[in-house]
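Starting off, we have a lone chain in the form predicted alone, written out as structure tokens.
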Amino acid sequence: MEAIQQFLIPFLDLNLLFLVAAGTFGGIILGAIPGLSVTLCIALILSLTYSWELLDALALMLGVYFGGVFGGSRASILINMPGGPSNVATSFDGYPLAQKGEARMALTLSTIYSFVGGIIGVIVLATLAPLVASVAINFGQRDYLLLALLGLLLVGSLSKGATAKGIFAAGAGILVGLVGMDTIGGGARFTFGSLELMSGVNFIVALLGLFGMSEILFQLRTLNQKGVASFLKKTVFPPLRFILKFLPISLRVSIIGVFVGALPGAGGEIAALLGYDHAKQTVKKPNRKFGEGAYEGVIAPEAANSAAIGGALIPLLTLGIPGDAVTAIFIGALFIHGLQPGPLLMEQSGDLFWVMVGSSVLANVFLLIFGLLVVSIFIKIVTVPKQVLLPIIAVITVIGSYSINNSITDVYWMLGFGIIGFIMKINKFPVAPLVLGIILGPLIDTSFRRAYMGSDGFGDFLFGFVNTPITLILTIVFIFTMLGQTNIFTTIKGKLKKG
């Protein structure tokens, strides 16, 4: 009964209610601005609220967290420029839907299933936090390596028939991701003596260039052609049976999102990519091919990255370990207000746990309300003529890339990646595998090397992939997924039928 009372505090306290609502709405708007990351927004809020009451500060931060991750999908769908790393996978099918005149449907579906994913994540946080934390804490370097390799298998589905070009792009992306100081040995890699490259290539800068500036350059070739506005479909709100049709896939990817989010350092971008891959592998009859405007291609990553938020809060509240960069800032907030994050936090401050759970539920409710209410406002973006829209996007892209580190060098990098992305597009090279390589390259590198360094020779390294239950399960999943990508099962099945 006491837990229920504490859970309802954000719903009954008008001050907390307003702060969650304001944070969620602000997060949606800020998240839709490319280059303005959720981490930066939360860090700024922490600096402004350090003198507030703890619950007030956390209520505002949670609202911005959920709203910001969701808000990035707006830019992914409408202008093919992900608002953040966790929204990259949303653009794979979201932007093709917008080009087909179904931007309203894409925005509506992403809103509904972001709410579903967020609620699933909070439910797991409230009911299974200690269990999930105990599993997550046992993840070793081989497990992270297998997760990254599973994500890398997306190259086949993102290549749109040009598998060789996709593999080449992914390999180039991995090399780009490895630029800078080696986090293990401390040596410089691919820096060619440049001090600017020692810190590596900022992923957000590459994202803005490859998706944003390259799209601007590509659209300049068809500047006088009619845009999406000329055939924008007057989509009404989807009926209940249509929404329920996608509920099973949203529940499955939400569970994936929660567990990936609970892994320290994994983050929403890995959850979204794995959720998208799961949908690609399991949905037999999508409304369109994945990559060409499949509804499931929008639903899966948005449900997964929203669920990952609840997952990221689990190690924070149960172990005092940040699940991602944003929850690391939450740890700072707890320290500032005199609390010690760790295993004893839930016992000593159980009221804090349930108030955060209640605030998270409330943030998802406001996310659903605001997300549906502002669809008509966001949809006006695609009705703006290209001659007006493209310069505005270009200015936002430049400002966004500069604001990351207040560095003009990042702007040059963004322009360089924009030209590379443009050249890739006109030569039919898929850009998505390049981004995939940049995301997963550092994780593959560090997890592989740490796993090998902790082994007693090559034989012991290989044996490590089957000597724990978690690693064995992931190894089996990886092998079956890889075999499925190479169509071996289809070939065997065809031979058996002939026999």
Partner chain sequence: MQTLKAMAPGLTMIIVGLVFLSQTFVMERASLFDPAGGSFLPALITIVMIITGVIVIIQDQVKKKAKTSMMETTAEENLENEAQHADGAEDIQMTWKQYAFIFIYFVLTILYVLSISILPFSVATCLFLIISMIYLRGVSWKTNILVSIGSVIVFYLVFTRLFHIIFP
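Note that the coordinates shown come from a computational prediction; the quantities given were computed from them, not determined experimentally. Only the largest set of C-alpha atoms that superpose within 1.5 Å between the two forms is called the rigid core. Residue numbers count along the first chain shown, from 1.
From this point on, the text means the form predicted together with the partner chain, which you will not see here.
In the predicted complex, at least one heavy atom of residue 185 sits within 4.5 Å of a heavy atom of the partner chain. Proximity of residue 380 to the partner chain in the predicted complex: non-hydrogen atoms within 4.5 Å are absent; the residue sits far from the partner. When contacts are judged by a 4.5 Å heavy atom cut-off, residue 100 does not count as touching the partner chain in the predicted complex.
Although the partner is absent here, residue 468 sits far enough away that none of its heavy atoms falls within 4.5 Å of the partner chain in the predicted complex. Scanning 130, 391, 239, 248 against the partner chain in the predicted complex with a 4.5 Å heavy atom cut-off leaves one residue, 391. This chain appears without its partner; in the predicted complex, the one residue of 352, 217, 368, 375 with a heavy atom within 4.5 Å of the partner chain is 217.
Three-residue candidate spot 164, 419 and 449; every residue lies within 4.5 angstroms of the partner chain in the predicted complex by at least one non-hydrogen atom. Across the options 82-90, 355-363, 166-174, 298-306, residues that bring heavy atoms within 4.5 Å of the partner chain in the predicted complex belong to 166-174. Counting a residue when any of its non-hydrogen atoms is within 4.5 Å of the partner chain in the predicted complex, the hits in 397-420 run 398, 399, 402, 403, 406, 408, 411, 412, 415, 419. Core-superposed comparison between this form and the one not shown: the C-alpha position of residue 293 differs by less than 2 Å.
Once the rigid core is overlaid between this form and the one not shown, residue 169 counts among the residues whose Cα shifts by 2 Å or more.
Taking the rigid core as fixed, one finds a CA shift for residue 190 of 2 Å or more between this form and the one not shown. Note: the CA-CA distance for residue 89 and residue 414 expands in the predicted complex relative to this form, by 3 angstroms or more. A change of 3 Å or more separates the two forms for residue 45 and residue 212: their C-alpha atoms lie closer together in the predicted complex.
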